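For reference, the chain that follows is the form predicted on its own, supplied as structure tokens.
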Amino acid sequence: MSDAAPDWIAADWGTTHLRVWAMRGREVLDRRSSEQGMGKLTPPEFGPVLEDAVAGWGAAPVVTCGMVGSRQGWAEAPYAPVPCAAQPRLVRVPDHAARPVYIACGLRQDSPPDVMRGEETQIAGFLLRNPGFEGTICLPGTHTKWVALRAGRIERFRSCMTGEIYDLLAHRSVLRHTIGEGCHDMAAFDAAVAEALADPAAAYGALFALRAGALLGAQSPETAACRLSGLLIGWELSATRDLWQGQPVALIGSPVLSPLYTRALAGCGIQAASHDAEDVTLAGLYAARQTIGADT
């Protein structure tokens, strides 16, 4: 790290991990991570965990996003209703004497009901990097978000539990005896996406066929993993067609999931551009930082 102290600290505090960055403006001076996620902590533990994570970085204010602002987190950052501007909203953590700590508010959609927490910061960062974008942002993950943007505003969004369903089926169902790790048989993936898009109801019956194919045929665990990914992502694309069809699409996600979504969308004629999740998270936290008054 540079000898100069940071003027602020960015933090992404999720359920399983805490990541912090020492920042000078938009420049990253240093970074750290730990497994002290929100899900492992009680409210009195958040302050000491944060101070341990940023030790040696002075008393710079912290701007954080993620599940730390949930009802079970450090301090609840209430959901802001959509449609709304993509500019992050912040609440200050009370009674933390070491430094000011701010948490980004999540977003709520009342009809149909939906929520997001953390992704709103990435959306703000994406728009800071790509001003004027109008279309759809897809944020692949455990609960993938599809977000419609117009004139710098979040109009509506939809969450899909694709990542969680994959994990449940691959590791906790009868398919755990069948599914390998990773997705490398792209022909199998492409075929499964096409099947799910063409006939989502019939594709439902294809899930157990993955197990039967391993028992009765020569289907490999690697091929089964790719077919499972393709079926679930194909279902997701079918369920969100009204959000992405005919629209510019930007992807923000992990280097593992984003290429699969890029490939699946390309099969539908959509050329989606991928953007680095850390880069847009930091940009969004920087945008949030700019809203804080001089009390920091």
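Because the structure is predicted, anything quoted here is derived from the model rather than measured. Note that residue numbering begins at 1 and tracks the sequence as displayed.
Form predicted together with a further copy of the same chain: not shown, discussed below.
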**OP:** Could you tell me which stretch in 98-106, 129-137, 142-150, 181-189 has residues with non-hydrogen atoms within 4.5 Å of a further copy of the same chain in the model of the complex?
**Re:** 142-150
Original post:
Among the candidate residues Gln247, Ser238, Ser34, Ser254, which is the single one with a non-hydrogen atom no more than 4.5 Å from a further copy of the same chain in the model of the complex?
Top reply: Ser238
Subject >> Answer option from Cys84, Val91, Ala198, Leu207, heavy atom within 4.5 Å of a further copy of the same chain in the model of the complex >> reply: Leu207
Subject >> Contact of Gly73 with a further copy of the same chain in the model of the complex (heavy atom, 4.5 Å) >> reply: no
Subject >> 4.5 Å heavy atom contact, Ser220 to a further copy of the same chain in the model of the complex >> reply: no
Original post:
Is there a non-hydrogen atom of Leu232 within 4.5 angstroms of a non-hydrogen atom of a further copy of the same chain in the model of the complex?
Top reply: yes
Original post:
Might Glu155 be said to contact a further copy of the same chain in the model of the complex, defining contact as any heavy atom within 4.5 Å?
Top reply: no
Original post:
Relative to a further copy of the same chain in the model of the complex, which residues of 167-185 have a heavy atom no more than 4.5 Å away?
Top reply: Leu168, Leu169, Arg172, Ser173, Val174, Leu175
